[in-house]
Every structure is written in C-alpha cells, then in structure tokens.
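Below you will find one chain, with nothing else, as structure tokens; this is the form predicted alone, and questions on how it binds or moves follow later.
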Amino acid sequence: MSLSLPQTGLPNSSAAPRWRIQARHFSGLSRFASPLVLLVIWEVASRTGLLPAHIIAAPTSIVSTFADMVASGELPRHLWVSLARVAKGLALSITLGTVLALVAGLSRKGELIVDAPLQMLRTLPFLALVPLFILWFGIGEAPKLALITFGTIFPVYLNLYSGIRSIDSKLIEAGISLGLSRSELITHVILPGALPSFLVGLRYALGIGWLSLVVVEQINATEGIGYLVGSARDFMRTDIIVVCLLVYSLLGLLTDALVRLIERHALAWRPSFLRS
C-alpha cells in the first residue's frame, strides 16, 4: 500500500530557485524603465516643439549626429588629440606629484620645504590662472599642458603624501629589525603600503583632467573635444554638445575602470581584494 503526501501548495526545491532568478531579472530590467520613459518623453517633446532644438536636441538627432561624426572620422580625430593632451598632462603631474610627495613624506625637512607652498597653491582656482598662463606660455600647447598638470598634481601629491605618513610604524620597525636599508625600506615597505592611497589620488586626478580639458581646449585650439564644444556652442548645435558631453562621461568611466583594474592586480595582496 503506497502513501501519497498531501500537496502543500509550496513551490518545490527546483522551482524556487527559478522563481528567484526570474524575479531578479525582472528587478534588473525594471531599473531601466524610468530612463526609457524619460527618453520617450524627451523625444516626443522635441518632435512636438515643446522642447526646441536650440535648448536641447532630440535623442534620435543626437544618435544620428554621433553616428555621422564617427563615420566621417571627425570625432575620432578630435578624441585622439584630447587623449594625447590629457596623457601628457597627467604624465607630468604624476611624475612631479610623486617626487614631491616622496620628498615631503620621507623627510621632516622636505615637508617644511615642500608642503606649505603646495598647500598654498592648492587653494588657487586653477581655471582662473588661464590668463596668466597665456602670458607666460603663449597660446600654443604649452599653457594647455601646464593647466592640466597644475590641476591634477595636487590629488596625486596629497594622497601619496598621506599614504606615506599613514604607514604603520610597526611595519617600519619590523623592516629595520630585519636589517633593511633605508632604500630597501622605502622600496619594499613604504611605497607598497602607500600604493592604495596613490591609486585613489590617480582616480581623482583623472576626473580633474577631463574637467580641465573642457576649458584648455578653448584656448586658441583647433582640435579636441573641448574645441568641438566651443564651436558647437557658437552655432547652437546642442546635438554636438551633448555628443561631446557623452564622450567625456564615457572617457571618465573607462579611465576609472582602468584604475580599478590596476588596483585589482597591484593590490591583490590585500585581504579585501583576496575576498572579492
């Protein structure tokens, strides 16, 4: 005689995970609902004239303009110029900021010499220095690179300096007890310990670099994303302006993801990264 268990109405073990997966997918897709609704409202308002093109172009016009600029090679050409400018400015700021942070962080005399002037310069609005930099460096590439360097050097310096000064004294004592020389102590203990702070400063510097690019590429520039923004403003081409803004946001997102990738590989020894 076989016994049959009553049906409880509860989902079985195989159906429950499937239901949770479907609910999770629905929750993820629902996050895109409100942006899509806003895009539809934006498009309808633009097509009906409620939102004039001189205020902001329709989403379809922006997509069409982006495709035309890519197909013609105009956007890639200006993008390459902007990338080269930011790369050169960041290379200078990272080099100078690292050297100054090492001088100030590893020596009390170095701190007295370096830190106070840099803290004074840090409070200056670097975009307000445009006229002065034009007088000093002319109207070529030099003032553009100088402004990018000036704007991005302080996050690198401050974070690396803070990282060096925040090294656990027990690690220093352990290195000394193991017979490490001063140079070995700096190479094997201090710099690896300050690397997380340096990478945080690099992320901030990248953000400021893209911000400064908007201004510096309107100083007698004939190429670059900032030049496109200025030229589109003169002709009231809001579609080109929005395309350039989207490019800036994507560049910021990609460069931040690049630094995160570097963090994941360079800081693999940290317990927080080992658990992730």
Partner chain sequence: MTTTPDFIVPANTITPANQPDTLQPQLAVSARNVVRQFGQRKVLDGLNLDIKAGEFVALLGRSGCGKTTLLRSLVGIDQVSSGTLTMAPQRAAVFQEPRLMLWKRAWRNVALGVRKPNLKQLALDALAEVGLSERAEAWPATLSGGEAQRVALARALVREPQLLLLDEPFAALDALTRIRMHQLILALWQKHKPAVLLVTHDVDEALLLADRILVLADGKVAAEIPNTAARPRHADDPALQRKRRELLGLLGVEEAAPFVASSAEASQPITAHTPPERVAA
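We call the rigid core whatever largest set of C-alpha positions still superposes within 1.5 Å between the two forms. Residue numbers count along the first chain shown, from 1. Quick caveat: nothing in here was measured; it's all calculated off a predicted structure.
Omitted here: the form predicted in complex with the partner chain. The next part is about that form.
- The candidate spot formed by 108, 175 and 180 lies fully in contact with the partner chain in the model of the complex, as each residue has a heavy atom within 4.5 Å of it.
- Although the partner is absent here, residue 94 is not a contact residue: none of its heavy atoms lies within 4.5 angstroms of the partner chain in the model of the complex.
- Contact annotation: residue 268 falls within 4.5 Å of the partner chain in the model of the complex, judged by heavy atom distances.
- Contact annotation: residue 88 falls outside 4.5 Å of the partner chain in the model of the complex, judged by heavy atom distances.
- Within 4.5 Å of some heavy atom of the partner chain in the model of the complex lies at least one heavy atom of residue 171.
- Annotated contact segment (heavy atom within 4.5 Å of the partner chain in the model of the complex): 181-189, selected among 151-159, 125-133, 181-189, 70-78.
- When two forms of a protein are overlaid on their rigid core, residues whose CA moves 2 Å or more are considered shifted, and residue 175 is one of them between this form and the one not shown.
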